[in-house]
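Okay, here we've got a single chain as structure tokens, the form predicted on its own, with questions on binding and movement later.
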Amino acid sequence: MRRAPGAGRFGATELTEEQSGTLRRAVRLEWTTIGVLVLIIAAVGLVAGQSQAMRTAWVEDMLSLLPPIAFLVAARIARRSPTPRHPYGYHRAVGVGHLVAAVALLGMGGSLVADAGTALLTGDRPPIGVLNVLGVPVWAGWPMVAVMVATSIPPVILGRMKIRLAEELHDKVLFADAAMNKADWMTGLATAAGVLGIGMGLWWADAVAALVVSTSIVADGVTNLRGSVSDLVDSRATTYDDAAPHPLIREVETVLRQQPWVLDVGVRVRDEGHVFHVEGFLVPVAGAMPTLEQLAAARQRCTDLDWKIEDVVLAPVAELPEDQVPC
């Protein structure tokens, strides 16, 4: 399919102006995320004190920088055209970025589970003192709660914006970053609740809040790590959130079955990053051998389905190779 010229590209795939605009918004959003995170890290660091949950939130904010950085690097590398050394292009940069973001999520969650669990088992009672503000004594927990509630708002907005862009671009790094934003705002609110619990005399509230949040972060990390590794080892292509097999697999198979000279079809599709590589095995009807023109027309119909279908390889075969297209 001839595509309208656009300013952006993923390897050999030239994006339309609308898709290029989506990519530019995603890049701006990630730079905005980095700027917001730097401010949040500074604010939380100023008021963290001895609170376990506050220290947990601060470490999480530091690690939250990794996914947006991974996205920016991967998006830049994935634009490169294929070369003799990299004939499939550089789309795998997205998979590597997804892996980095997933490891950041899992590492952060695991570390926080260990810290919170240790504090809970040892009965650590974090001291929250009193500040002198213009001669007036103020419980130090109030600024902590105020900062954590205020810093929970930007991740909610940024995360929701990223999910929509991740679907449009089929970008799993961006989706993992949205998951990290979810972990950020959950951490913020749980931390505020933990600090308030300490103020009410519940010494364990701080550690329990950190433990609940960190467990959720570990779950997100495991999900994203499983998805990133699965893509890198060429498993079946899935949707941007790894929730289901990608519907384009079935659509490609349907298109090929509609060819009048085709008796049976086997398709395998792997996710290269933003785009898919398709291999179709076609069993012709008895006595029919497809011409080069028929193969080219079938290939064109497949690539016309969606911009994500970049490479299509069709092979006429006597019977479907079960070892390459297992049922």
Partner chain sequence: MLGEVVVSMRSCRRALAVAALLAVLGSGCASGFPKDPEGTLDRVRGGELRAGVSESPPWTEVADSGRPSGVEVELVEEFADRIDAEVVWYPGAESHLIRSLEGGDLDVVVAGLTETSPWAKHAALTRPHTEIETWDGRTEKLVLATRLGENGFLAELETFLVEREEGR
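Predicted, not measured: the structure shown is a model, and the values here were computed from it. Positions refer to the first chain, counted from 1. Rigid core: the largest C-alpha set superposing within 1.5 Å between the two forms.
What comes next is about the form predicted in complex with the partner chain, which is not displayed.
Query raised in the report: So which stretch, 154 to 162, 205 to 213, 242 to 250, 127 to 135, is the one near the partner chain in the predicted bound form (non-hydrogen atoms, 4.5 Å)?
Result: That would be 127 to 135.
Query raised in the report: Taking the shortest heavy atom distance, is V233 within 4.5 Å of the partner chain in the predicted bound form?
Result: So V233 does not count as contacting the partner chain.
Query raised in the report: Taking the shortest heavy atom distance, is M186 within 4.5 Å of the partner chain in the predicted bound form?
Result: Outside the cut-off, so no.
Requested in this report: Consider G201 of the chain shown here, and say whether it contacts the partner chain in the predicted bound form, taking contact as heavy atoms within 4.5 Å.
Outcome: Answer yes; at least one heavy atom of G201 falls within 4.5 Å of the partner chain in the predicted bound form.
Query raised in the report: Is there a heavy atom of W139 no more than 4.5 Å from a heavy atom of the partner chain in the predicted bound form?
Result: Yes - in the predicted bound form, heavy atoms of W139 and the partner chain come within 4.5 Å of each other.
Requested in this report: State the residue from L120, L196, A237, L225 whose non-hydrogen atoms include one within 4.5 Å of the partner chain in the predicted bound form.
Outcome: Contact check passes for L196.
Report task. With both forms fitted on the core, give yes or no for whether the Cα of N132 moves by 2 angstroms or more between the shown form and the other one. Result -> Shift at N132: 2 Å or more after core fit.
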